[in-house]
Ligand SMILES: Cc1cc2nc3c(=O)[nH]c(=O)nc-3n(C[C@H](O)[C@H](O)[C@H](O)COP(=O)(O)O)c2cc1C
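This document opens with one chain alone, in structure tokens, the form predicted alone.
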């Protein structure tokens, strides 16, 4: 499996998924250090980029360790989205991805994210406008459909509209993140288009990775499987993780400390820390301590005791 887009070599084509409220710069850095070939920004609002760039600026902070940087944008107005592609905030990205798969109610309510799958003509107009305005390749990430599978038709539309590659999260909007990803649908999509296809959904270990590869995809995207285990990318490449989990956590935090204040960081990091300790002895007691920790330093002290006995 190898993917090249406009001369950009994706190596083993193992990609960290864009995850709102999760894919921070520290997490992207440790995933990159442990084998992620490409990383996505969190979703960037095109309207906010034009009207309140300061709000978006922190979301575009990047790490020098990220190999291929992909900026993911969202919106529902083709002219606004095309104009946003001229923003200096996007200059660091080698690829721009259009989010047409987010199932979050507040995004869908605005006619954005996966709501665009209910309006293929508008989705096509957005893709075409962005492709014309962009200096770099444009990709599209989408779901099976809103309430039924239209992924093949939608994928062909993306190709015809100028997308350089597409990513399918093989669940409908109505499924959210429940149920199983439909790998057969990914295989059908791959067989029906001529541009590269990245498969997304339920890859958490070597067995599920092999099942995804059987769909003949050009790349594999991992989201929840990397939460608390950023070394999953190296593991899927056959490399055994022999590092210290505490060192990984510390690095994740140290990167974020360059940009964010302690009070925000203490609350924000809780979910990441709970993922990191999911496999430790007496995990429930540890999780309770981390969930109520008053500071990052307090959390680090606790984690140091756990991982450096």
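All values reported here derive from a predicted model rather than from experimental measurement. Residue numbers count along the first chain shown, from 1.
Not on display, but discussed next: the form predicted together with the ligand.
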Report task. Flag residue 223 as yes or no: does it have a non-hydrogen atom within 4.5 angstroms of any non-hydrogen atom of the ligand in the model of the complex? Result -> yes
Requested in this report: Give a yes or no for residue 202: in the model of the complex, does one of its heavy atoms lie within 4.5 Å of a heavy atom belonging to the ligand?
Outcome: yes
Report task. Report whether the minimum heavy atom distance between residue 173 and the ligand in the model of the complex is within 4.5 Å. Result -> no
Query raised in the report: Can any non-hydrogen atom of residue 17 be found within 4.5 angstroms of the ligand in the model of the complex?
Result: yes
Report task. Please determine, with the chain shown alone, which of 157 to 165, 125 to 133, 77 to 85, 194 to 202 has non-hydrogen atoms within 4.5 Å of the ligand in the model of the complex. Result -> 194 to 202
Query - Non-hydrogen atom within 4.5 angstroms of the ligand in the model of the complex for each of 22, 99 and 169 - result: yes
Report task. Go through 277, 265, 68, 43 and name the one with a heavy atom inside 4.5 Å of the ligand in the model of the complex. Result -> 43
Query raised in the report: For the stretch 123 to 161, which residues lie within 4.5 Å of the ligand in the model of the complex by non-hydrogen atom distance?
Result: 141
